[in-house]
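The chain below stands alone and is given in structure tokens; this is the form predicted alone.
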């Protein structure tokens, strides 16, 4: 006989916990089926052009940059916020890093300084967003919209609207190769996603992020410093933008103020389609990864079949609307069951 006796409170919470687990599993199963269906469409319509190892690696490589940004966006949306600036911040970080490379690293400075600068620029921009939202009481939409404009403008001023080439071969060699047959950039995405999963699901920081997004007032009464936590969440999103900038430098071997345009919208779309609640209070890293893969595969299928970018945009819009409508339905069902 067990020495532990289940309390009525524990017994009451068990069905709700099982319901949440089954709900998450069901959503992820639906996303996996959608991804498989897209792959089937790709094989049927494009044949060998789609179903080969090189194309799969291309899909994963393209998904890696937007995927890293989406991980940071998952935390922001789970906490009840939004970040419209991560694409512009990524562009600013890439320009600042290549400025260091072109003007300083002609001497004997190590390329790791370039990486550090990109990460630092992203982190600082994210922290500024967080301070504006948490302490300045600026609506997140407005604060990050202002940061988007400022970051893009600053990137143009620094680069003089010129593309700055990365000519540091040691840097490119370190990140452009493969590891176990998989591009290093994809490994970076996987590591960031795994770290994000652990942070969101297995740490106090993650639990507080969910709590702040679900019920800020209750979180405050529970002793959570909501302002400080909000600053940290936006700082985390900025840091992922810095990582994305480094990955973009590797992919394109250039820094430019146009890097990351509309990436914020792609990241938000991937997060929402993945199942993170747009109103906050629920987030899923696995869903975000699947959402990124769905959009990247969709783009690849359209490209393989020479379909226009306009049709691609329409398809993405339909997917996003369906995902939001599904979220609203699930949220209404959840409220009615409590």
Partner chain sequence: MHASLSLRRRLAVGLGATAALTLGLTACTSNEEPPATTAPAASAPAPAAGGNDEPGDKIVIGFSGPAADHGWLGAINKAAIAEAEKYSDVELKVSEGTNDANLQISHVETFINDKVDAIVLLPTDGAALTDVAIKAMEAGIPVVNVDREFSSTFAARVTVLGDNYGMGVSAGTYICERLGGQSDAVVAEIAGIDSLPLTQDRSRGFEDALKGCGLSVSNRVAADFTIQGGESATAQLLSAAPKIDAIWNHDDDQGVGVLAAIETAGRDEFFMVGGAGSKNVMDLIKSGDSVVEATVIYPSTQAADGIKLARLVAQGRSMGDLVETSVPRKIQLYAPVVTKDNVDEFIGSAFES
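Since the model is a prediction, treat every value here as computed from it, not as a measurement. Residue numbers count along the first chain shown, from 1.
There is another form of this protein, the form predicted together with its partner chain, and it is not shown here; the text below is about that form.
- Using a 4.5 angstroms threshold between heavy atoms, residue 248 counts as touching its partner chain in the predicted complex.
- Interface membership of residue 299, defined by any non-hydrogen atom within 4.5 Å of its partner chain in the predicted complex, is confirmed.
- Taking non-hydrogen atoms only, residue 215 never approaches its partner chain to within 4.5 angstroms in the predicted complex.
- Though the partner is left out of this view, residue 290 does not reach within 4.5 Å of its partner chain in the predicted complex, counting heavy atoms only.
- The single contact residue among 96, 171, 263, 189, judged by any heavy atom lying within 4.5 Å of its partner chain in the predicted complex, is 263.
- A single residue from the set 252, 225, 203, 109 has any heavy atom within 4.5 angstroms of its partner chain in the predicted complex; that residue is 252.
- Judged by heavy atoms within 4.5 Å of its partner chain in the predicted complex, the contact stretch among the candidates 156-164, 226-234, 204-212, 124-132 is 156-164.
- Within 4.5 angstroms of its partner chain in the predicted complex, the stretch 28-57 places a non-hydrogen atom from each of 49, 54, 55, taken in sequence order.
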